[in-house]
Ligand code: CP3
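The form predicted on its own is given below as one chain in structure tokens.
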Amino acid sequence: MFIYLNLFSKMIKNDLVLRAARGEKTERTPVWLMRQAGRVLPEYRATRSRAKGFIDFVKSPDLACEVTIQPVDILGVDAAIIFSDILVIPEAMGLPYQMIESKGPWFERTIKTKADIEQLQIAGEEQLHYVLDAIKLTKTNLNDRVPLIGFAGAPWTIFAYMIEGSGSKTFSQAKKFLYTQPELSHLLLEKITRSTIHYLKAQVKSGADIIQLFDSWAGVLAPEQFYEFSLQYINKISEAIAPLAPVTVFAKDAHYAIGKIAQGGCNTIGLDWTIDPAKARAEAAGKTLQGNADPCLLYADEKTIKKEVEKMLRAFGDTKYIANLGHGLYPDIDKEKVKFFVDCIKSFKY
């Protein structure tokens, strides 16, 4: 049984998310949402307008703190998640990126050779101090109301951007690298993993109560590739962080891998909306599950939202469960629908 070393967690007034992640009984189902600090909130857009651009926004602890707390105040969620970006890791390793409006991330320089990999540094606290400062500030301003979630991208997802140079429907260049340069692929993935472990340990030390790993592009890999080039590195991170704070692994579209993920060191398995709750329960080896409403449900009327929420909650049951979406909120979803979704979960009686 793990002993969590983050002393901040002992003082939290609403610790439902933490207790559910640890497999403990909760009075009701806890809920938070991926991308809850985002463009769905007019308050977020107002705060973002004070920054020169997205990366400047991420690197401003005051602004990051402000938008991290907004969903707690406005939507009533049971946890805050630090406002940042998964691509701070490649930048800290020596591969800077830009965030192009309406297009997404773009890397002027990508990884092509062994020399490129050898030039990368293992990221440390110094390169990522702005995230850690934002966590410390947020932890203070939350005043122990709810837990603070820290996060990072899983190594394969970070690798995919570092090879491809931008987002992609197929990540064919990144997958080509796996097939043609497997030894170099492992070399790069190991460096990303070491950087991520340093980063997440520093997040916990700075006040993060629980950690989530996002493997956003797990679904572009065949199962054997996922196990070799993604899951083994996720497990290394989970094993390093789980003694310090609960760990959630969210591998989007890796529906075939729930049982394998459950064998690793994580506490909670995040599920996208394509996964049947009964199947997940049967394969999750008793671990806590998180998810998994389709974000597009929130375009529906309130009657439909309530019906689908209740069906989801009954399917997952009242223990070892954290309600969430199966991916992040979309920018054009009505804020009031999001709040209604949260309220339906919080008021549901099993």
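Keep in mind that what you see is a predicted model, and the values were worked out from it rather than measured. All residue numbers are counted from 1 along the displayed sequence.
There is another form of this protein, the form predicted together with this ligand, and it is not shown here; the text below is about that form.
Only one of Val204, Val247, Ile81, Leu271 lies close to this ligand in the model of the complex, with a heavy atom inside 4.5 Å, and it is Ile81. For the options Phe151, Phe226, Tyr199, Tyr233, the residue carrying a heavy atom within 4.5 angstroms of this ligand in the model of the complex is Phe151.
Contact with this ligand in the model of the complex, defined as a heavy atom within 4.5 Å, is made by none of Gly124, Trp156 and Glu190. Checking 277-285, 27-35, 305-313, 291-299 against this ligand in the model of the complex, the stretch whose residues place heavy atoms within 4.5 Å of it is 27-35. Though the partner is left out of this view, Gly104 does reach within 4.5 Å of this ligand in the model of the complex, counting heavy atoms only.
Contact annotation: Phe214 falls within 4.5 Å of this ligand in the model of the complex, judged by heavy atom distances. Contact check for Ile117: every heavy atom lies farther than 4.5 Å from this ligand in the model of the complex. Among heavy atoms of Tyr44, some come within 4.5 Å of this ligand in the model of the complex.
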